[in-house]
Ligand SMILES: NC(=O)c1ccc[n+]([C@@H]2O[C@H](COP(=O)([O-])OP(=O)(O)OC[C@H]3O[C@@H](n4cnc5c(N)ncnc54)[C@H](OP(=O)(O)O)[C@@H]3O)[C@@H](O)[C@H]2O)c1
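Take a look at this single chain, the form predicted on its own, given in C-alpha cells.
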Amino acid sequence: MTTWGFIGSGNIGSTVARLAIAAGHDVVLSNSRGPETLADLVSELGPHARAATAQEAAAAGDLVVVTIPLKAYRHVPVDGLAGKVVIDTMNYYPGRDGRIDVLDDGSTTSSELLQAHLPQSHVVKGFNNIYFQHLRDLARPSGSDDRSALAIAGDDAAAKDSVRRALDAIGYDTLDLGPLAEGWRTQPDQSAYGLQYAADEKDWTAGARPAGSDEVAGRAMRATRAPHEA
C-alpha cells in the first residue's frame, strides 16, 4: 500500500486522492488554510484519508503531489521531502502568478524551479495537462482498450518508474517525455494541454474522451516553445 501526500487539495489534488483511495491507497491531505478546513473532504473520502499540515503531509507521503498555485512554490516544505518523489502539477499563469522572468524568456521551466527549491527531492512533472473532471472520468483498468495516457517528465529514472507504477494503479498509462526540461511540452497554450482529453475542445465540461500514448506523444512533439507575451 502506498501513502500519497498532498500539498494542495483543490480540484486536481482531491481528484487524484479519490483515485488513489479507489486503488486501495492511503492519502494525507493538506492546504494553505489548515487541516480543519479539510474536514468535509476527508469525511467524504473515508477512513483512508486524513488531513494534516503541509509539513506532515510531506513527511507521511511515500509519493507527494504538489498541486498549488505556482506563485506559492517557495512555501513547499524542503526538509520533509528530502529523498522523496514529488509529482509537480503546477502551471505558470502570469495573470495569477505574476511575471517570472526565467519562465517568460523560456530559459527554464516551472518544474525545474520546483526542483531547484527541492534539491534533495526527485521532481516529476505530471497531472498538469488534464482537466480534473477528465482525470476523474477516464481512469480505466490496466489493459483496457480505451485507456488514456498521462505525460510525465523527470530527471531521475527510478522516480519516474515509481510514478509510472502509481499512475497504472489509479487507471492510466504513462508517456515519458524525457528529462524535466521537456515538461514545457504540456504547459498551457500547447496542443497537449488538455485538448486531447476533451470531447469538445471548446467546452471542457461537455465530457471526456480517451487519449492514448500515441496521440499524447504526437501533440507533445508538435509543441512550439516561445517566450510568454508580456
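Residue numbers run from 1 along the displayed sequence. Computed from a predicted model, the values in this text were never measured in an experiment.
Same protein, other form: the form predicted in complex with this ligand, not shown, and the subject of what follows.
Close approach of Arg99 to this ligand in the model of the complex, 4.5 Å, heavy atom
Arg99: no, not in contact with this ligand in the model of the complex.
Hey, in the model of the complex, is Gly212 touching this ligand, heavy atoms inside 4.5 Å?
Gly212 lies outside the contact set for this ligand.
Indicate whether Asn31 is a 4.5 Å heavy atom neighbour of this ligand in the model of the complex.
Asn31 belongs to the contact set for this ligand.
So, in the model of the complex, is Gly178 in contact with this ligand at a 4.5 angstroms heavy atom limit?
Contact with this ligand, no.
Taking this ligand in the model of the complex as the reference, which of Ala192, Ile68, Ala51, Leu167 has a non-hydrogen atom within 4.5 Å?
Result of the distance check: Ile68.
This ligand isn't shown here, but in the model of the complex, which of 116-124, 100-108, 148-156, 71-79 has heavy atoms within 4.5 Å of it?
In short, 71-79.
Gln187, Val216 and Thr224 - do all three of these have some heavy atom no more than 4.5 Å from this ligand in the model of the complex?
Answer is no for this spot.
Quick one: which residues from 8-25 get a non-hydrogen atom within 4.5 Å of this ligand in the model of the complex?
If the 4.5 Å heavy-atom criterion is applied to this ligand in the model of the complex, 8-25 yields Gly8, Ser9, Gly10, Asn11, Ile12, Gly13.
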